[in-house]
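Read on for two forms of one protein chain; each stands alone as C-alpha cells, with the labels structure 1 and structure 2.
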Structure 1
Amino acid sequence: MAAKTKVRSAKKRRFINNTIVHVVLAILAFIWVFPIIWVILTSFRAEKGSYVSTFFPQSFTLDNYVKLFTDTSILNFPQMFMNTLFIAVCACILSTFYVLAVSYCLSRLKFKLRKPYMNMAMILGLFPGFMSMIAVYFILKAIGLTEGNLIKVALILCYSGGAGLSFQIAKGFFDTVPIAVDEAALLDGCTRWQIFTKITLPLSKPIVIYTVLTSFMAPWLDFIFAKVICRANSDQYTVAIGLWNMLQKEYIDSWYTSFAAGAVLISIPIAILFLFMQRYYVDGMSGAVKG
C-alpha cells in the first residue's frame, strides 16, 4: 500500500508540474502572438488614424493594402520594396560568400595572423555596428557613393563589408566536418577551391542555409544605416524608412493602417524562408553534419 501511495503521489506531482509548465508556456505564447495578431487585424481595419475608440477593428477592408501599391504620390511603397529587395539580395549573396570563405579558411588553413584575426573579430563583435555609421558615411561620401543610384551600392557595401567578422558559427560547423575528407581530395588532385565548392559546401548545407537567412535579414530589416545614408533621397528609400515615415505627424492619420499593412507584407518573405528552411536553420545552429 505504501508503494502504491508513493507511485500515485509521484504521478500527481508530475501531473501538477506538467500542468504548470503548460500554463506558463501558454501565457508566454499568448504574450508573443497577441501583438502579431493585433498588427494583422489593424492592417485590415476600416477606421482611419491611430486614435480610435475601440481596441479591435469594428469593420474590415482591403483598402489599406491597395493604398500601399496605388497611392505612390507621397510614399512610394512599391519602389521602396524593390529597393530593399535588390539591396537585401545583393548583400545576402556577398555576405554569404564572405562568411563561408573566411570560416573555411580559419577552419582548415593555418597561417601567421590566424589567431590575432580571430581575437580581433571577437573584440570588434562586442561593439554594435552603428557606432561606426558616421565614419562610414563620410568615407562613402568621399568616394561619391551617397548620391543617386550609387546609394544602393553604398548600402550593399555597408551590409556585406564586415560580414567576414561573423565567422564564429560557420567556422564551428566546418570544424565538425572530418579533415580526412579534405586530405583525401588533396591526394586525388583537388585544389582548395574545388574542395571548398564541390565537397565542403555540399556537406554543409545547414550552415549555408543559416548564413543565407541571417545575411538576408540584416539589410531587409535595417533602419539606422539606411536612414543615415539615404538622407533626403526619397527615391532610394528602403521599406524600413518608408514605414517610419508613415508614422510621422503629417502622415500618421491617413497612413497608420497602411503602416500595419506594410509591416505584415515585409514579414511575409522572412516567414516563408523560415518555414521552408527551419530544419536547416536549426541544424546549422547546432553544428550537426548531414551527409
Structure 2
Amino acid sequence: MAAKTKVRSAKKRRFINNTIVHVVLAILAFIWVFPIIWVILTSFRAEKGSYVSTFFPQSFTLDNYVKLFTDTSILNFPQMFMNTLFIAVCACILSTFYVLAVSYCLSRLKFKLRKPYMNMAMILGLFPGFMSMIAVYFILKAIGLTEGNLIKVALILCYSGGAGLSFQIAKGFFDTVPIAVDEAALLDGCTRWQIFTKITLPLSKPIVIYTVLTSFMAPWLDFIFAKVICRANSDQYTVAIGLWNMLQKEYIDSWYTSFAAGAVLISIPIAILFLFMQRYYVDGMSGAVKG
C-alpha cells in the first residue's frame, strides 16, 4: 500500500515538474516566435502605413509581395535579390573552400609557421571586420573594382577574403579524424590532395555543411560592407540596402508592408537550408568523432 502511494506520488511529482517545464518553455517559445509572427502578419496586411492600432491586420492581401516584384521603378527588389543571391553563392563557394583547405593544412601538415599563423589568426579575429572597411574601400577603388558590375566582384572578395582566419571549428573537427586513416592512405599511394578530397571530406560531412551554411549567411545578410562599397550605384544594391531604403522617411509609409514581405522572402532560403541541414549542423557543432 505504502509502496503504491510512493510510486504514485513520484509519478505525480514528475507530472507536475514536466508541466512547469513545459509551460515555461511554451512561454519562452512564444516570446521568441512572437516578432517573427508579427513580421509575417504585417507582410500580408492590407492597411497601409507603418503604424496600426491592432495586432492582427483588419484584412489580408498578397499585394505587398506583388508590389515588391512589380513596382521596380524606385526600388528594384528582383534585381537586388538576384545580386545578393549571386554574390552569396559565389562567396559561399570560395570561402567554404578556403576554410576547409586552411583547416586541413593546420590539422594535418606540420610546418614551421603553423603555430605563429594560428596565434596571428586568433589575434586578428579579435578585431571587428568593419574596422578596416574604409581602407578596404580605397584598396578596391585603387584596383578599379568600385564601378559597374565589378562591384559584385569586390563584394565577393570582401566576403570570402577573410575566410582563412575562421578555421577553428573545422580544424577542431578534422583533428578528431584519426591520423591512422591518413597514414594508411599515404601508404597506398594517395597524395595529400586525394586524402583531403577522398577521405577527410567524406568523413566530415557535418562540418562541411556547417561551413557552407555560415559562409552563405554572412554575405546574404551583410549590410555594412555592401553600403560602403555600392555607394550610389543603385543597380548593384543588395537586398539589405534595399530593405534599409524602404524604411527611409520618404518611403516608409508606402513601403512598410512590402518591407515586411521582403524580410519574409529573404529568410526563406535560409530557412530551407536549415531545415534540410539541421541534423548535420548540430553534429558539426558538437564535433562528433568519426572514423
Partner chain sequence: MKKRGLAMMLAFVLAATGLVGCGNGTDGASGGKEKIRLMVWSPSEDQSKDSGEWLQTMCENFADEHPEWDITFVYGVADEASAAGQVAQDAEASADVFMYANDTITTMTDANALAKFGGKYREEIESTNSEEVLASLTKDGELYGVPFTTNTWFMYYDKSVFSEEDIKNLDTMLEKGVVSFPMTNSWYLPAFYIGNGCTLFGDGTDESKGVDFSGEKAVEVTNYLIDLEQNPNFRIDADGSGIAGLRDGSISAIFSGSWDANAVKEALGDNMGVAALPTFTLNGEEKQMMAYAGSKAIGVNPNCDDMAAAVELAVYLGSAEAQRAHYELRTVIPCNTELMAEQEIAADPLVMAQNNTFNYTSILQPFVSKMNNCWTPVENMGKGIRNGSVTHDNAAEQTESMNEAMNSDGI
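Residue numbering: structure 1 sequence, from 1. Here, rigid core means the biggest group of C-alpha atoms that superpose within 1.5 Å across both forms. Just so it is clear, the model here is predicted, and its values are computed rather than measured.
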item	value
Label of the structure corresponding to the form predicted in complex with its partner chain	2
Core-aligned C-alpha movement of Ser267 between structures 1 and 2 reaching 2 Å	no
Distance moved by the Asn18 C-alpha between structures 1 and 2 (core-aligned, Å)	4.1
